[in-house]
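So this one's two forms of a single chain, laid out as structure tokens and tagged structure 1 and structure 2.
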Structure 1
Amino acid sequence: MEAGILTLDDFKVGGKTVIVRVDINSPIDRETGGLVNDNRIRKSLPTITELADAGAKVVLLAHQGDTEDYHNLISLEQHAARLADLLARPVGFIDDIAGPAAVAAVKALKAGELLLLNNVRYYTEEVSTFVNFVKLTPDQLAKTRLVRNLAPLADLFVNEAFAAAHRYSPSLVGFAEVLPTAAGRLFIEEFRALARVKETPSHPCVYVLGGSRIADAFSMMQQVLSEGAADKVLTCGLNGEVMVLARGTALGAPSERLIEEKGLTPYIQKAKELDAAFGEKIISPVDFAIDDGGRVELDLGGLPSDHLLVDIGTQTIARYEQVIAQAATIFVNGPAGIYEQPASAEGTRRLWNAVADAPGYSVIGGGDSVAAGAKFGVLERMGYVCTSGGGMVRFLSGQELPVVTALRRAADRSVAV
């Protein structure tokens, strides 16, 4: 048991039917419909391999896409093929989730065999719009068709989906109400890495927060600065631009219009409140880059600009590199600029390399952050690469993770028995 959660070390799985909720939700090419990146699939392999090698009958449950990104809401057939290639062993797939065909396929499994059922988000109770508007209790989640049909076939439920730990759905919470339940190897790895950053960081601890998800960045800043977990926050991306606005410098019509269109204007006042509370612990850019037929840099005195701000400037980069080099713990979430384009990639490229080169322990997480790390070839030099986005943000913001709560409740029930 770890942190009140049972792990695979607490169970013998040979000959048993094990339902494993993995998170292999992957970016999809809009034109071809193919997988763009298989990082999450690869991260799931150790637990799947361990269970199959131990003689378990392994039933994999997973999601792909959602109502919020409907173009990604597709079948998992190609995921099964990729898993089979990476595992170098057969992975069965059936175009059913918990109907008669799925039940029959699960019953037919032999020791060591693997079966991936289709996308759980084809069920209403699994999609975010349902979860957000219909508030089911854990007991009600356990009585949904998915759990009701599959749970009686299984001896153990393993949750290997830390990236979805902030979600509250039958496949993530419901099974833990009715089956002996463990966290998978990746789940525990990610939990440990983030707990190390949030709860027991070596100091100085630096957070690099960029990207466009201001709500995520601000909730993390408030929490880790008030707790004393972070000593400094380096802001960049739209997060940095909002901080500069809050500190009294106009950015220019294009950038301010973008902030307004994204519904981020209220965060200017929140940035002022953070500045009043934490002041010099929050560092904001002193220069920016625009794309005017190529990269052009402007210091704060050169603002407002008639061009959209697309990256932090070299003075800011150099300043941030110095802080990162002296840090004992570094957490990174959100790129510094539009890293996909040459004129605006410099900030992210140099900061990510600075993190990779720093002697301190580093954790990087979030889809764009990891994609940028892959683009610049630095992920292997990072301390830990987290598969999660929303779960990671909520953990670091001090919010409850429904899946962690469910795992602990299942552990308490097992111990009581």
Structure 2
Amino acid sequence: MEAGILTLDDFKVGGKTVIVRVDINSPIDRETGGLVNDNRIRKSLPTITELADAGAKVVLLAHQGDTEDYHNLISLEQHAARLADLLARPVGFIDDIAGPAAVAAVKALKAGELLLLNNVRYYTEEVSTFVNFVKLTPDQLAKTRLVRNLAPLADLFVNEAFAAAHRYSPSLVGFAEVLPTAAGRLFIEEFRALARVKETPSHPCVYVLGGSRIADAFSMMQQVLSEGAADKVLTCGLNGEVMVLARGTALGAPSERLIEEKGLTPYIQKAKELDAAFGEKIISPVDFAIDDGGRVELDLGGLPSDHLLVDIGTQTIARYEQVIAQAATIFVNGPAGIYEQPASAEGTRRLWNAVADAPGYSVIGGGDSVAAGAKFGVLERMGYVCTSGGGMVRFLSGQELPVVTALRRAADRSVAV
């Protein structure tokens, strides 16, 4: 038991049928339809291996993409093949989720065998529950097709999908209502890393918040500063630009137009409120870079610029590096600039290296941030690399994660088997 949640240490699984909800939702190549990377698949291997080695009959449930915009909503067949390659053991796949074919395949499993069912988001009930904010009662969850058909076949449910922990849907919270339930190894690892930067950070604790998802950055900033988890927030990316604008420096037409086009204008007022509440705990850039046929730097006196701001400048980078080097805890989310292009990669490359070199405990999360870390070859030197994006942001913003609540409720109810 950890943080009120049962773990695999609380259960014996040999000979049992175990449903494992993994998050192997992966980026998909538009042209080929193939997996762009198998990061999340790899991260779920330890729990799957542990269960199979212990003689469990392992039934894997997962989603890919979503029906809201039909983005990446594809079959999990290639995920099964990749799992089999990485595990070096067969992984069955069936193009069914909870129909008669799936039920028969689950019943036919033998100890140590693995089966991946198809994309749970092919079921309306799986998506409408979070897209339309329909909150089913525990009784209704137990009656969804997925839970009603599969739960009676299983002895244990394992939730390994921290990255989807913010979704209140049958595959994520329904089984915990009717089956003994444990969190998987990755789930606990990720939960522990995020709790360490939010609830029990060693101080000084620094959050580096960049990127263009201002709503996420601001809600995390508000939460971690008001609860005293963070001592300083280093702003960069579009987040830093909005702070600079709110503090009275015009950026120039191209950058201000971008902020408007992205619907971020209301955040200028919000930034003023954060500034009034937390003042010098929120650090904003003192210079920027533009791409004028190559990198050119401007300090705040050189603004407004008729070029788009594409990165933080070297004075800002140097200041941030110093703060990062002295921090005992560092959390990073959102790149400092357009790191994909040479003229604007400097800020992200140097800050990410500073985090990797810092003696403090570091956590990095979010798709772009992790991709930048991989590009600059620093991920191995970070304290913890999160697989989650939305779940992580909500956790750090102090919002309830439905999957954590479900796991705790199951632990309260359950007697370890």
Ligand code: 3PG
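Every value quoted in this text rests on a predicted model; they were computed, and no experiment measured them. Numbers given to residues start at 1 and step along the sequence of structure 1. Each form is matched to the other, and the largest set of C-alpha atoms that superpose within 1.5 Å is called the rigid core.
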| item | value |
| --- | --- |
| Panel number for the form predicted on its own | 1 |
| Cα displacement of S128 between structure 1 and structure 2 reaching 2 Å, rigid core superposed | yes |
| Large Cα shift (2 Å or above) at E50 between structure 1 and structure 2, core-fitted | no |
| Core fit, then E68 C-alpha moves 2 Å or more between structure 1 and structure 2 | yes |
